[in-house]
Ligand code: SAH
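Shown next as structure tokens: one chain only, the form predicted alone.
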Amino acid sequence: MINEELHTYLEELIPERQPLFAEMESYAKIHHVPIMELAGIESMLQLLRIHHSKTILEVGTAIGYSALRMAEALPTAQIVTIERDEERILAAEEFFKRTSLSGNIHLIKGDALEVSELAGHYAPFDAVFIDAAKGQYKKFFEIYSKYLSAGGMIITDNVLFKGLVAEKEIESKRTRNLVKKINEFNHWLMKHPDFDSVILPVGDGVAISKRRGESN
């Protein structure tokens, strides 16, 4: 992980977001809603631009921040996003109503472990973005990788978990168990026989995975 000074420097270089996005960032901070860190989401958006992703599946809408950021960065893309938390769904819908970007966003309400068939109706996806319950990352990856298009990629956020994956001693049992699951997912992912993966130390750690043998 980069040090705090360099992290601040990089964030200061990022252009200001439109007022709605700045408002959503403040809302997330006030209400303790996890959204992607600035350096992480800017890196992801650039990857999606380079990849020319036309169909994107997001596992974990939260308040709709990343879905709207993707819709702005890729105005011709269709984005399907899944969320189970009712309060966050309501917040996302309110934010969606306030922008013209929402026309390309399809919100599926329900547990991502249970609505895969519904999401599959929109498949194949050029990109799958996983940013939901960290303890379920392996299941999400296994379920939704089958909906990936040829040459598609899977992006997984929070895989370094504030750097705690490298810590030897963690006092909180709950945090320790979660870190263990993320660590297990990272090792499983990096050894996956069907995917080439890399973990980028940006934001909270972003894993990029591409199916082996696919060139485009």
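So that there is no doubt, residue numbering starts at 1 and follows the sequence shown. Keep in mind that this is a model prediction, so the values were computed, not measured.
What follows is about the form predicted together with this ligand, which we do not show.
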Does this ligand get within 4.5 angstroms of any non-hydrogen atom of residue 88 in the model of the complex? yes
I'd like to know whether residue 185 contacts this ligand in the model of the complex, with contact meaning heavy atoms within 4.5 angstroms. no
Should residue 111 be classed as touching this ligand in the model of the complex when contacts are defined as heavy atoms within 4.5 Å? yes
So in the model of the complex, is this ligand close enough to residue 160 to count as touching (4.5 Å, heavy atoms)? no
The chain here is shown without this ligand. Which stretch in 148-156, 163-171, 60-68, 177-185 comes within 4.5 angstroms of it in the model of the complex, by heavy atom distance? 60-68
Report the residue, out of 107, 133, 123, 118, that has at least one non-hydrogen atom within 4.5 angstroms of this ligand in the model of the complex. 133
Taking only heavy atoms into account, state which residues of 70-94 are within 4.5 Å of this ligand in the model of the complex, ordered by sequence. 82, 83, 84, 85, 88
